[in-house]
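For reference, the chain that follows is the form predicted alone, supplied as structure tokens.
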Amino acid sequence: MNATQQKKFLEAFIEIIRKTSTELPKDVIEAVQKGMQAEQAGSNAKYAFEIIEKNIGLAKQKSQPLCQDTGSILFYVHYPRKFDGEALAKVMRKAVVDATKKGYLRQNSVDSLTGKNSGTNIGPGSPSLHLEPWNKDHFDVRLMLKGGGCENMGVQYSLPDNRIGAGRDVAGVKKCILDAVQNAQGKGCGPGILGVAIGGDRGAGYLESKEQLLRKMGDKNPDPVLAGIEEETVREANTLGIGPMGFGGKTTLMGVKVGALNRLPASFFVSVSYMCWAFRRQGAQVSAKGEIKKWLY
């Protein structure tokens, strides 16, 4: 990657960070509006949605972060095989530093032992880069900014779980998802969106649950069993009366996305990643020259 390419890719990555941090994608805005329409006029739930809507508009207008916690920085990138992955990662880290200086990212990353903040969002595990080469001639760059409040609501179950009466079956998986929602009680800045992984080991399960959040809000799972779990858990969660921010109401969840991984016979994990209403997830198709060709959400 020569100096000209590095400059173009740096500009593209900074713009992807800016847009992700300050502008909710269309599919998420539509889900927020649908939830707002479902709530009763004059209710706390309706008021919460109105505040959320104003926040979305102001952040976009001023090109400022939607939330004071710009969260963990998760990049998922497919890149042409002819490119050097290490060089690409270096440019992405530079983009994070520059985006932090510009105010698109808060200075959120601290040393876990000392609590020291470098002010750059760079450190072990930050940003989290998932880079995979492919045979296409363009880049698929997706970014998720996941706040600490919603990350704290993530949970992993090992089935069978006698505490909630969940066995190693679809019914047990549903019980895990609904238990996660019930325990959150609006924390994590609901209404939420859940990414769920059935199976895998503990680490792979959480990785898959977060990757499920890269799907579009309105898509339909191609697996009919998983599609059923998604539809039924959203419907049932929205009868719990928890509502946005835990204020009560009809919209506790805006969506559930479920994937399944192979597992060992001795293990049956259900991993749940909770995402807040400020669903900061964006992506772009980037040319081999470093030009953003189209937005993916």
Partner chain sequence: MIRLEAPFTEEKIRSLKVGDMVELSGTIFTGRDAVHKWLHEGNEPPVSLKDGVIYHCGPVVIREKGKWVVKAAGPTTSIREEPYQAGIIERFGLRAIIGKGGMAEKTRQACQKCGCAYLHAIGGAAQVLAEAVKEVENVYEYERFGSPEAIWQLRVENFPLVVTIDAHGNSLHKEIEAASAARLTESFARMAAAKR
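Positions refer to the first chain, counted from 1. Note that the structure is a prediction, hence the values are computed from the model and not measured.
What comes next is about the form predicted in complex with the partner chain, which is not displayed.
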Response to the item:
Note: exactly one of L253, A48, V28, V272 sits with a heavy atom within 4.5 Å of the partner chain in the predicted complex, namely A48
Item to complete: Check each of I122, A227, A171, L131 and return the one that places a heavy atom within 4.5 angstroms of the partner chain in the predicted complex.
Response: A171
Fill in: Interface segment, criterion being heavy atoms within 4.5 Å of the partner chain in the predicted complex, picked from 131-139, 181-189, 208-216, 90-98
181-189
Worksheet item: Would I164 count as touching the partner chain in the predicted complex under a 4.5 Å heavy atom rule?
Response: yes
Discussion item. I'd like to know if L66 sits close to the partner chain in the predicted complex, meaning any non-hydrogen atom pair within 4.5 angstroms.
Written reply: yes
Item to complete: Mark G42 yes when one of its heavy atoms lies within 4.5 Å of a heavy atom of the partner chain in the predicted complex, and no otherwise.
Response: yes
Worksheet item: Might A59 be said to contact the partner chain in the predicted complex, defining contact as any heavy atom within 4.5 Å?
Response: yes
Discussion item. Where, within 234-254, is there a heavy atom within 4.5 Å of the partner chain in the predicted complex? Residue list please.
Written reply: E236, T239, L240, G241, I242, M245, G246, F247, G248
